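Heads up, what comes next is one protein chain in two forms, each shown on its own as structure tokens, labelled structure 1 and structure 2.
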Structure 1
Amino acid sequence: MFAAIEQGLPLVAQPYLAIAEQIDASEEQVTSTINHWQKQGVIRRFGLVIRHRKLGYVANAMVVWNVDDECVEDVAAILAKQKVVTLCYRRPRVLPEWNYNLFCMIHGKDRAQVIKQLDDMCQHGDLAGIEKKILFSNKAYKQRGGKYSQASASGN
């Protein structure tokens, strides 16, 4: 089931039936399993996964922050509330190579827009004093969903 849906639905009128036939299950089993996984949070969202670059969102910045460990929850809460932030994660520092523990992503149509959004954010959110770095991406070599199942991993 996992392997059958992780690559995406076939673009036919009855996609769940097509998947059911592939894995020898009923259509109802397929849809109820997806529904169940959504409720459990195993599936974060179910719908169109878009390549933003193709739609002109070519400026993709990962902003990394060096936040005092005691403050990280508070700063994360501020970042997560910003409209332009699509992701916000805490990750470990790896010293001495890497001194940043909080990550967020900002997507925009160009560099200037992203930088302005970040500047605006820093003024509003009490974030101005925190050491940060913007890592713009200048090339996407690969962009697709994760593959967990053995079947699809070996089939690629």
Structure 2
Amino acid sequence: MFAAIEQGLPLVAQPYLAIAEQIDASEEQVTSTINHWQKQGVIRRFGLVIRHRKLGYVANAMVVWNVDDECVEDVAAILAKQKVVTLCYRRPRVLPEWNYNLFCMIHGKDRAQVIKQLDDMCQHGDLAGIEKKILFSNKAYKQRGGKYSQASASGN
């Protein structure tokens, strides 16, 4: 089943049923196995990979925040609720070079749109006073899901 799901879900009305038919299992067996793997931590995330650039979102920025450790969960909760934020996570600081401990991704059709979205977010979320940097991406790297099977590890 690893090999079947790491290729991505089929773009059909019932993707789990399609996988079940592919591996000679039931749809319930597929969903319960995936749930079990998530609970075990074998699969950390199960979601979509969206090709933003193909949709016209070519200005993509990681905003890095230097948030007091006591407040980071609250600020992360505010960021995660924003419609323009597609990804938000915490990482440890790497002192003395890197003071930032909270990261969020914002996508836009141009840089001005992303900056406006960030400004709006800061004003409405009371985030303006927090030190931050906006890092626009210069290159689109290939996005893909996790690879779990031995066939993928060997390049087959």
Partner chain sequence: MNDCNVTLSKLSQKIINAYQKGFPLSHRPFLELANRFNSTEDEVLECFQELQELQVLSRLGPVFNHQQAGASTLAALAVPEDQIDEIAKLVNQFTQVNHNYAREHSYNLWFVATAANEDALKQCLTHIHRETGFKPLILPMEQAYHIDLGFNIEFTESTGAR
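The term rigid core refers to the maximal set of C-alpha atoms that superpose within 1.5 Å between the two forms. Structure 1 provides the reference sequence; residues are numbered from 1 along it. In this text the structure is predicted, and so the values were computed from the model without any measurement.
Index of the chain form predicted in complex with its partner chain, chosen from the pair: Form predicted in complex with its partner chain: structure 1.
Superposing on the rigid core, do we see a C-alpha displacement of 2 Å or more at residue 12 between the two structures? Comparing the forms between the two structures, which are aligned on their rigid core, residue 12 does shift its C-alpha by 2 Å or more.
Core-aligned C-alpha movement of residue 92 between the two structures reaching 2 Å: No, residue 92 moves less than 2 Å.
Can you give the CA shift of residue 39 between the two structures, in Å, with the two forms fit on their core? A shift of 8.2 Å.
In Å, how large is the C-alpha displacement of residue 49 between the two structures after the rigid core is aligned? Taking the core as reference, the C-alpha of residue 49 is shifted 3.6 Å.
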